[in-house]
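Given as structure tokens, the chain that follows is alone and in the form predicted on its own.
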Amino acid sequence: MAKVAFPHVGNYSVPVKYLLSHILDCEIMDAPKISTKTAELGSRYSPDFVCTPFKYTLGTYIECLDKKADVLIQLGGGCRYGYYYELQEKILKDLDYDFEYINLVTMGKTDIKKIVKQFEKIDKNFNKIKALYYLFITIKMVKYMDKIDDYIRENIGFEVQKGEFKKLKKKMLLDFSNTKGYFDLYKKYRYYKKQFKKIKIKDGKKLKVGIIGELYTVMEPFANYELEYELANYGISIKRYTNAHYLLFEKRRKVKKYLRSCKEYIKYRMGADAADNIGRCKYLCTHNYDGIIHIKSSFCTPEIGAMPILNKICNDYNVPIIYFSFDTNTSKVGMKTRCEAFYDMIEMRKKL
């Protein structure tokens, strides 16, 4: 029986594992959580100036292969991420690992026929109709997770009893992973939506901060040193746009809207999420947000190109913005110090 593994991005391993375990007669491995060991392994075998997500995903693959995985799945696409599989496969083969590699997205496009053939190769009894049903449930699961995460970001900094949101979210993810069908999933979503709203939060004025930037670093807590929870400790309401549902089902439509809304700053797409972030930056500036945080992995070319335009927008609307660039050697202490300074500044501006 094949042993299948895939890299982490936030909590999306829950719906991905749910899907794969229901459509493939294979063992679906829980990849080790990203750690300093993962980063060290990925950095050791990666080109020096490759973007950080490459190093984290390569390190995860090595850890999985060492645990006897023999099928690796690449889940990403867009920008350079869509080309990772070719170079990562070559690096892993040069390290004498023996495995099958399934790439779901190439250059931002999904070849369904190719994916089906690859799945049939590792599971001769692969059922397309069954796969479609569980794909539908998985899409809904991702949507429900993202909706609840939006509510958590806005309110976790104001919970009366510290840790309630985290505790309930952990329980929800476990329940979602044991979903029996769509109606069961929907019932669970409705239940947890009510439970989250029952958590007591403090009243009063809230500082509002928007987070924009490169998609992997935004969505993977280890890659940004759990920046969102760090901000929550200061009592900040967070708005973050980038999530799996947006990238899969909303991006193509909304990026045109973003380009129209900030046509005085940008006329053309700049690759990856750069145009999206410029449009989001203007929205945040015109909707009374107290500050903006832009995060990216080191050497992320599209976001580097967007930064001067983001500066221009924030200067025009007098909204503070701070930039964080993360690599495997970035100091967590430095990030916390800058967060604290940024909080002090926006709090002082709020009182003026």
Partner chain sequence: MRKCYLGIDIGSISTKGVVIDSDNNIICKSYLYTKGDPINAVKNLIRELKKGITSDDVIKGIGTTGSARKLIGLMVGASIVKNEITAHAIGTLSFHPNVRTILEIGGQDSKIILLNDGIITDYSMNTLCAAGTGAFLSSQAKRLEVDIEEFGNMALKSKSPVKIAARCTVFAESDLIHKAGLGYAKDDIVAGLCKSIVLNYLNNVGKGKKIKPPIVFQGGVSKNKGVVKYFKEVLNEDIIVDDFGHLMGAIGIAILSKNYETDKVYNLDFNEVSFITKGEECSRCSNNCEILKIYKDNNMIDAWGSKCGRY
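What you see is a predicted model, and the numbers here were worked out from it, not measured in a lab. Numbering follows the first chain given and starts at 1.
FYI, the form predicted together with its partner chain isn't displayed, but the following is about it.
Remark: Ser21 does not count among the residues lining its partner chain in the predicted complex, judged by a heavy atom distance of 4.5 Å or less. Proximity of Phe342 to its partner chain in the predicted complex falls within the 4.5 Å heavy atom cutoff. Though the partner is left out of this view, Leu65 does not reach within 4.5 Å of its partner chain in the predicted complex, counting heavy atoms only.
In the predicted complex, its partner chain sits within 4.5 Å of a heavy atom belonging to Lys37. Listed residues Cys26, Ala31, Cys285, Ile322 were compared with its partner chain in the predicted complex; Ile322 is the one with a heavy atom within 4.5 Å.
In the predicted complex, just one residue of 212-233 lies within 4.5 Å of its partner chain by at least one heavy atom: Phe222.
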